[in-house]
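This document opens with one chain alone, in C-alpha cells, the form predicted on its own.
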C-alpha cells in the first residue's frame, strides 16, 4: 500500500494521474480526507487479504474540487470522507456513480446509504452527552431538554457553526420546523456556562474543571481521551465524565457518518466495489471500532468495549440527505439567534 501525502494541487494532480493501474497489476486508488493513521490498519488488512495494492491520496481540503478538476482522467476509484454533507456534495457534483451490490445493501441499513447506491456509510459517530459524574437521571436525556431552564449556566458547547453541531441542528430543524428550532437554540444559548467555542474535548475539560455540568460532543473522542492517545491531561478529562446517549423525542440518537463513493470515472471500478464490500465486512467493521472508536454500520459487528459500555445505540431515522440539505437553513438560524456570540 502506498500513500501520497499533502501536496500542492497541481503537484498532487500530476502524481494522481500516474496512479491508475498498470497491466496485470490489481490495484485500487483511494482519495480520502481521513487521516492516514486512522485508516491504515484497514487498508493494510485488505491488501494482505486480497493481494490488491491500495494507492492512497490524502486530501485535507477540497476533495470534491480536486476530483472535479481531474475530470475524466481522474485516477480516483473510491472517494472516502467524513460528514454526510461531503458525501452529498460528491453526488450533487456528479462525481459518484451508482453501485448495486448485494453485499453492501445487506450490510448497510437503508437509511445510511443512497437509494441509488451512490454513497454508503462505513461507520458512525454519535452526538452524545458528556456529563458530570455526579448527575443522575440522565438515561432518558433528550436533545430537546437542553433548552430547559433547569440547565441555566450548566452547558458547554463548541461553536454551533461547526459541522458537528450544524448537522445536529439541521436534524432538529427537519424534525421540528424552523419556529421550534429557533426557540430551542435560544433556550440552549441561555443555558451556556461560557461562550460556544473550542472543541469537543474542551467540553470534557470544562466539565472536569467544574465550569459546566453537561455538553454535546462526538462519541469517538471519549475513546481517544480515555485511551491516552491525546496525552495524560486528556485522559484525565475523559475519565472525569460520564457519557449518555441522548435521543430526539420520539426518535433516536443523532449520528454523523464516515462513508465513501465509487468515483464516476473510476479506472478500476470492480476493485473499487470490492474494497467497499470489504470495508463493511465483519473484520473491517471491527477494525473501525477498535482503531477509531466509531460505531460499526453493520448490525452484529464487534463493537469496542468502551462504546458498548455507553449502552445500545439506536440511531435516529431522520434521513441523512434531508439533514445535509437543511444545513444552510440551520446555519442561518444560528446567526439569527447569535448562538456563537
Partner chain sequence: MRETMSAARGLGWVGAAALAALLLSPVISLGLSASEGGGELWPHLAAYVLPQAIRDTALLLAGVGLLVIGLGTGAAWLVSAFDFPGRRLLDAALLLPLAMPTYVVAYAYLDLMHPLGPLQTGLRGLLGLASPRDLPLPDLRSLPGCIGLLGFVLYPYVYLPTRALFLMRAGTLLEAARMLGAGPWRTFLRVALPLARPAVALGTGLALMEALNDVGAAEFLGVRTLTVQVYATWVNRSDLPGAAQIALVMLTCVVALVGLERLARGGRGYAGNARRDAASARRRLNGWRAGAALALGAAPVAFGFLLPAGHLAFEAWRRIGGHGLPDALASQTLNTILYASVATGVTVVIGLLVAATPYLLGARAGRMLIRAAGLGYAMPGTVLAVGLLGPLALLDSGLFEVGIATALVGLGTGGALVIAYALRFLTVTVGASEAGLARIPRAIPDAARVLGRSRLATLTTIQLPLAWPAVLSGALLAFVDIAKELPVTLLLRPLNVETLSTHLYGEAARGTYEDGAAAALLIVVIGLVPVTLLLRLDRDAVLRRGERL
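Quick caveat, the model's predicted, so the values are computed rather than measured. Residue numbers count along the first chain shown, from 1.
Another form, the form predicted together with the partner chain, is not on view; read the next lines as being about it.
- Contact with the partner chain in the predicted complex holds for all three of 54, 66 and 74, each having a heavy atom within 4.5 Å.
- Residue 211 is the only one of 211, 178, 138, 190 with a heavy atom lying within 4.5 Å of the partner chain in the predicted complex.
- Proximity to the partner chain in the predicted complex, defined as a heavy atom within 4.5 Å, holds among 144, 89, 271, 114 only for 89.
- Residues within 4.5 angstroms of the partner chain in the predicted complex, judged by any non-hydrogen atom, belong to 193-201 and to none of the other stretches in 99-107, 193-201, 249-257, 115-123.
- Mapping the unseen interface onto this chain, residue 205 counts among the residues with a heavy atom inside 4.5 Å of the partner chain in the predicted complex.
- When contacts are judged by a 4.5 Å heavy atom cut-off, residue 159 counts as touching the partner chain in the predicted complex.
- Residue 305 falls outside the set of residues with a heavy atom inside 4.5 Å of the partner chain in the predicted complex.
- In the predicted complex, residue 315 stays away from the partner chain, with no heavy atom inside 4.5 Å.
- Using a 4.5 Å cut-off on any heavy atom, the residues of 31-69 that reach the partner chain in the predicted complex are, in sequence order, 31, 35, 36, 37, 38, 53, 54, 55, 56, 57, 58, 59, 60, 61, 62, 63, 65, 66, 69.
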